[in-house]
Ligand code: ATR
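We begin with a single chain expressed as structure tokens, specifically the form predicted alone.
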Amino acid sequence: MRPSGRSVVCGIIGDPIEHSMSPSMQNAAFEATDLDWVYVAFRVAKGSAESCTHAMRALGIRGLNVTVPHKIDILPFLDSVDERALRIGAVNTVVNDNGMLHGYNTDAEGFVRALDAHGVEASHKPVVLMGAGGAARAVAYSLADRGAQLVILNRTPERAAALAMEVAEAMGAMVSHGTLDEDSLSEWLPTASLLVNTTSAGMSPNIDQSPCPEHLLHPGLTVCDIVYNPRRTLLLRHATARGATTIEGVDMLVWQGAIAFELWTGLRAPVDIMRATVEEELNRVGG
């Protein structure tokens, strides 16, 4: 369906944003559900989150996805924030209801649904989380909520410590932390059942990077990488070679997008079409 003068507008804000698969995925979902809606990408520089909220109201934009670097910065400028997003301290989806802006975090539920789809149980299991940014916050709270024995590793250890303390206090959980380096990974990975990468290591165009040395991966491990371009990151390829189970970033991308679609439209998301669209687009660009 071509955009018209009556088209409802949604979009995504971030910087960089050119790599995003969300426009293809969401526009395919709108078309599949016969909605006269259109989804576009907006490159928005850091520090401009407040301006985006004014623009949403002024232009009648129905919904936004929010990615780096705005997931935390946008919170003070929303009229309400969902309890889960407030606890996480990051918003990735905004709904505009007649000028009232409501913030949600669909990354958290998207991650949980990706685990469930692969039959991965994190409860009372040792889990290593690499990264401490906005996406890591959602993943960390989700894992703590499921009772995982969580350790957070980050190249800047102070950020790992701060996130670990926040999650521990909010969830009443024990959360360990450390530096994301080979020494820490050597300490924690041998007994881990799940390894989650939320860093940008391995993301196109830096496809020859991995946040974890291959020799530390093992067959008893499930490795989840939230990077989705390329689909098979170097980390996931190494994991497969070492006999580990893998979960691609496409899984979390599609599920978080489906939840956002449902928040905006009130309709059930066509998940299979959204996934097929992302996979087709990644194949087209060589991801």
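This is a predicted model, so every value here is computed, not measured. One rule holds for the numbers: they count along the sequence shown, beginning at 1.
If you look for the form predicted in complex with the named molecule, you will not find it shown, but the lines that follow are about it.
Contact with the named molecule in the model of the complex, defined as a heavy atom within 4.5 Å, holds for exactly one of 102, 159, 146, 113, namely 159. With the partner omitted here, the residue from 88, 180, 139, 74 that has a non-hydrogen atom within 4.5 angstroms of the named molecule in the model of the complex is 180.
Residues with any non-hydrogen atom within 4.5 angstroms of the named molecule in the model of the complex fall in just one of 167 to 175, 198 to 206, 91 to 99, 182 to 190: 198 to 206. In the model of the complex, every residue of the candidate spot (131, 134 and 155) has a heavy atom lying within 4.5 Å of the named molecule.
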